[in-house]
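As a starting point, one isolated chain is supplied in structure tokens, in the form predicted on its own.
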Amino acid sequence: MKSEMNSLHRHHIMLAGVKGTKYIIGALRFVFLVGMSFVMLYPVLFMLSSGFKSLDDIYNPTVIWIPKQFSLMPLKLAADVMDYKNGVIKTLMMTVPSVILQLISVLLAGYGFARFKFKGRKILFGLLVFTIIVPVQSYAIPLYVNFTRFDYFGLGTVVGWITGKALTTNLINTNSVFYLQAILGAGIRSGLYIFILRQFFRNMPVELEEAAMIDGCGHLMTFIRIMLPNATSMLATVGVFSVVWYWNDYFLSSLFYRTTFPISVNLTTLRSLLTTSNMVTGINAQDLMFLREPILACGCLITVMPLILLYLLAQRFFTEGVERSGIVG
């Protein structure tokens, strides 16, 4: 009887220990999630708090997070200095066609690497992985020179052999620079997208294509009718990635454009533009100095807000695509 009581007592102690361990793990998980959420949300909260402060709130040391007098002046000044309307139009004209053309090229390339066996496939795929590693800054100069004297993929040089003058066109300061790279599979992060889609198509059952070919579909129709409808989530994932990278691109945009710049370039020059007296009117220099931080916060906010809305709209497909592709980190 005594041994049974001791055994029951030990059992209760073990259960209490297991419950205590679960509570500790749950508490640690809660603290970790709250901390990570704060780290990720802090920039957005800071922009929302600082971007709508009035001058009185800035002069008031008791105002830290929540403004007492809500003001749209920093937002208006940021939009005016950044030339937000023209910047967004320029960004959309560069981003939307480039993303569409890039999706076409990376889909075809990813499907080809996944399903077709041809000579040099491993070498080409190795070069593809190499493009993911190599930064664009390492080949920016030859890229710039090539688009300054674009010879239509060598045809202009052949014409020069006949006429004595090569047929070239300067594509700098035009959107064609980004369109050509996107459709040829050399757009921003195209190598990464091809790799992701190749992994996705490799994991799809071969029986789907075999059944389509038995029904009389060729390779192209099988790709359009069978593979594409099953790749909706991956299309959303790659599309969101592509939009974000084109929208945020600064290096290539500042390299290829000369007059009207995309919104990302305008944002990086916002601080220097605020020091130029003729860019800001209707406000004295001292007030402008104190409003500089709210104006910068509003500039960041109106720049990232379209991307946040895009993610909210495509969140379900994006999450599903990330899970199916195995993207980590």
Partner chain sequence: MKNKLLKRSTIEKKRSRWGWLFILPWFIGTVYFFIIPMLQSARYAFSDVTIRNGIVNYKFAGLENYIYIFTKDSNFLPGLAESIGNVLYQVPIIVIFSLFMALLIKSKFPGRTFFRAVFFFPVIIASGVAINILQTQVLMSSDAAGVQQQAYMFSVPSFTVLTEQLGLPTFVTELAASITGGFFNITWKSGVQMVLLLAAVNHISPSSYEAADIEGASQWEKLWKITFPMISPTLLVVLIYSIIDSFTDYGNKIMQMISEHFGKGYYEYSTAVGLVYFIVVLVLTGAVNLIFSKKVYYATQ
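These figures come from a predicted structure and were not determined experimentally. Residue numbers count along the first chain shown, from 1.
One more form of this protein should be noted, the form predicted together with the partner chain, which is absent from this view; the next part is about it.
Proximity of Gly154 to the partner chain in the predicted bound form falls within the 4.5 Å heavy atom cutoff. Interface membership of Gln181, defined by any non-hydrogen atom within 4.5 Å of the partner chain in the predicted bound form, is confirmed. Although the partner is absent here, Ile132 is a contact residue: one of its heavy atoms lies within 4.5 angstroms of the partner chain in the predicted bound form. Contact annotation for His219: at least one heavy atom lies within 4.5 Å of the partner chain in the predicted bound form. Between the partner chain and the residues Ser253, Thr95, Ser233, Ser71, the one pair within 4.5 Å by heavy atoms in the predicted bound form involves Ser233. Just one of Thr163, Asn170, Asn203, Thr259 comes within 4.5 Å of the partner chain in the predicted bound form, counting any heavy atom, and that one is Asn203. Contact annotation for 30-49: residues with any non-hydrogen atom within 4.5 angstroms of the partner chain in the predicted bound form are Phe30, Phe32, Leu33, Val34, Met36, Ser37, Val39, Met40, Leu41, Tyr42, Pro43, Val44, Phe46, Met47, listed in sequence order.
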